[in-house]
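Take a look at this single chain, the form predicted on its own, given in structure tokens.
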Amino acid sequence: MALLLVHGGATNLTSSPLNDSKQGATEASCNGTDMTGKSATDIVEAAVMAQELEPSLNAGLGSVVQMDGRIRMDAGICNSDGKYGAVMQIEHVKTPVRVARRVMDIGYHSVLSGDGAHTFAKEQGFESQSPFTADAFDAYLKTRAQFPALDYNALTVNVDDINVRKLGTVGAVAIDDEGRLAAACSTGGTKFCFPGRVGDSPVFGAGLYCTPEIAVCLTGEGDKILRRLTAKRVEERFLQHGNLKKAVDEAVEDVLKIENGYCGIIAIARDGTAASGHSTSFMAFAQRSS
């Protein structure tokens, strides 16, 4: 039996219309993903790509705009065969997870970034597309009005308030009919984002992780998750006591206790056990089996 878990981001925002739209988009991407006879890698790529094409989610089309008026996106994908590929700060595409998948499948490098990632995408035949939406650009203008000067230090003055208003990542984990595992993650970054910032989402062991034992994907305060290598921490706890839900909850608590940070986690173990957890007021989440 194949199983898919999808998240559409975790946040402490309590706006019901925004959360409802994120939940609806997450459910649609999960329910619309074809899992019949598909590999776990194909499943998570398709689920995340569907989220990237949903303007209400912060990935691909609909990504937040960085403080210099440009959209730079991160995405990663990995599987239980030991393969991993990622793109960081890529521009001019709507579905960066597909580019990350191509990096993984070719296998020469594991990570490409910036202009190099865009050049690779063009060489591989990916169409140059704008991920901008009117809503994202309007939100950017309002954000820049709060910080007229592009100043890194200014962004850190009210960092706790800013963290509450940040938007989330999208991601998926899956196990297929043959017991193979995979995880994928994509993000437009974070609101109030200094140009070039990379968070946890595309980083193996931080925002996503996969071995023959477990597939993990995260969302939340990426800089804090990155420092804790939280995705790998889930596997470490799981291997210690064999309880996936407990491992997820312990990893969530670790970020909260050590970094005073919030996160959300989805995970699947090789026996088909699934678990999720979050320390935020809301996490868009959906699950489906076939």
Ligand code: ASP
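Residue positions are given as counts along the sequence shown, with the first one as 1. Fair warning: this is a prediction, and the values are worked out from it, not measured in the lab.
Below, we turn to the form predicted together with the ligand, even though it does not appear here.
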Can we say T169, G189 and G222 each have a non-hydrogen atom within 4.5 Å of the ligand in the model of the complex? yes
Is G199 near the ligand? Define near as a heavy atom within 4.5 Å, in the model of the complex. yes
Among 100-108, 80-88, 199-207, 125-133, the region lying within 4.5 Å of the ligand in the model of the complex by heavy atom distance: 199-207
